[in-house]
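Quick setup: one chain, the form predicted on its own, written in structure tokens, and binding and motion questions come after.
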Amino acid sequence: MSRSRFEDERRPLHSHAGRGPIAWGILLAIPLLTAACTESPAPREVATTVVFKHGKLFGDTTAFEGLLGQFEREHPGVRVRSESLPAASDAQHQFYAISLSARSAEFDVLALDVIWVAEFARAGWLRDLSALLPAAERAQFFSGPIEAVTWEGKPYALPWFMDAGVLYYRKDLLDKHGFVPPKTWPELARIAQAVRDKESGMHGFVWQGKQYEGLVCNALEYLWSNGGGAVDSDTIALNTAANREALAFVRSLLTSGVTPEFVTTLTEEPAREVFGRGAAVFLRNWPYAWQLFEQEGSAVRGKVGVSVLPHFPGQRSAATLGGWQLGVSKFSKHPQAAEQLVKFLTSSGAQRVLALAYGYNPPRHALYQDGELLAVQPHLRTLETVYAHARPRPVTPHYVRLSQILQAEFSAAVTGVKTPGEALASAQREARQRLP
């Protein structure tokens, strides 16, 4: 019963101090009878808890937590528990593979690297999200992320934020020596060599050359931008003239000195740090680096330009698609609430918040016309062009195995252990033997 009702029923007990024992007994019994005849209050509804697994966010989590709070306010009875996984993509993949193969229901929503969706969908670990992505909604996204989340004609995740390879350059040095950003790879090599020769302690071009997934991303950009690739009509097609020519050029970057030999040890962050301390003319990296170059105290603040990646003569630029998608576990105990969370976090409003707070680039076209976003991140004008042509790595449930093959053979070609032709022939032979 409510507090006011309880106080009203107690009041007569204090106004009849002269009553005898029988009267007192009757009066004392009244509340008990009333309580016995009154229906017990309904048990309090237990909130549905949706567990969201994702990689660690870099930076202040206030904006992200605010989004989750907004979702909870808009969906009474639903609570979200955000649980971070290790930052390393491989560690996250291992966690998901172990948990989902055991049909774990301990989480509902999961953040997926762009290369995992086909694998997880084929394994039966993800819910079909076609209802969240009708044709009209699908058209709001760039084509690359949509292709990446689609398996056998159905979407099994929604694009959350995206990445693609871009070229950073020292615009102050190019201006100083009378150059414009290069359109082709040979132009980049020529400019890098010329500026390096005139600037003490300067490297020409740094990128991700270590034997890992980042090398595959880099190498595919050279192959694609020469009219080649890894898969042709669902057939592994690596040992082609276009691919051999492209990989030979990559090797020449090292032998000519345009790229330092230590690039074969570099991943994203070490490569960024070389460029960020002012020691390179060009850098291939992901869009996240822009905010770090422009922060207070950066040695290259105000000196950096961003461009689409070069291409070979007569061809077109191509960037490897990266980024993260949101899926719903097939074993979720709360699939409807989980799908609502995915829809909310991939909405235009949520993606705008993530872009402003963390520099996460939205996969929706319209946000690249947003005045406030462009004022804070003017390089989005360039990224819109990059993302329009970004290409996913081969969309196959066997991508992890394919990548292991490509990492080893691309590394052999870059380091000179094998010729480009030998490395590509070996990669093609092994891929065809090991992959279904």
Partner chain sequence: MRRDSAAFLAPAGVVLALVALLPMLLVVWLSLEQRSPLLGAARFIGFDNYLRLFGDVRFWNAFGNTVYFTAVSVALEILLGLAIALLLRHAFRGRALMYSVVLLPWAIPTVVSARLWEWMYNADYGVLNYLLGTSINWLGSPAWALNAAILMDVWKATPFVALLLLAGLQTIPRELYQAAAIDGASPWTMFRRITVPLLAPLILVVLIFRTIDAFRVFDAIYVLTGGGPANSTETLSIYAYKLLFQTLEFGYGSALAVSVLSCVGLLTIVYVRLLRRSGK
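Numbering follows the first chain given and starts at 1. This one's a predicted model, so the numbers in the text were calculated from it and none came from an experiment.
FYI, the form predicted together with the partner chain isn't displayed, but the following is about it.
Engineer: Taking 94, 211 and 415 together, does each of them reach the partner chain in the predicted complex with some heavy atom inside 4.5 Å?
Structural biologist: Judged in the predicted complex, 94, 211 and 415 all sit within 4.5 Å of the partner chain.
Engineer: Considering non-hydrogen atoms and a 4.5 Å limit, which listed residue (385, 404, 70, 48) is close to the partner chain in the predicted complex?
Structural biologist: Selected option: 404.
Engineer: Taking the partner chain in the predicted complex as the reference, which of 240, 140, 84, 264 has a non-hydrogen atom within 4.5 Å?
Structural biologist: It is 264 that has a heavy atom within 4.5 Å of the partner.
Engineer: Heavy atoms within 4.5 Å of the partner chain in the predicted complex: which stretch in 343-351, 265-273, 174-182, 313-321 meets that?
Structural biologist: Only one stretch passes the 4.5 Å heavy-atom test: 265-273.
Engineer: Heavy atoms within 4.5 Å of the partner chain in the predicted complex: does residue 122 have any?
Structural biologist: Flag for residue 122 set to yes.
Engineer: Do residue 434 and the partner chain share at least one heavy atom pair within 4.5 Å in the predicted complex?
Structural biologist: So residue 434 counts as contacting the partner chain.
Engineer: With a cut-off of 4.5 Å between heavy atoms, is residue 377 one of the residues that contacts the partner chain in the predicted complex?
Structural biologist: No.
Engineer: Please determine whether residue 198 contacts the partner chain in the predicted complex, using a 4.5 Å cut-off between heavy atoms.
Structural biologist: It does not: once the partner chain is placed as it appears in the predicted complex, residue 198 has no heavy atom within 4.5 Å of it.
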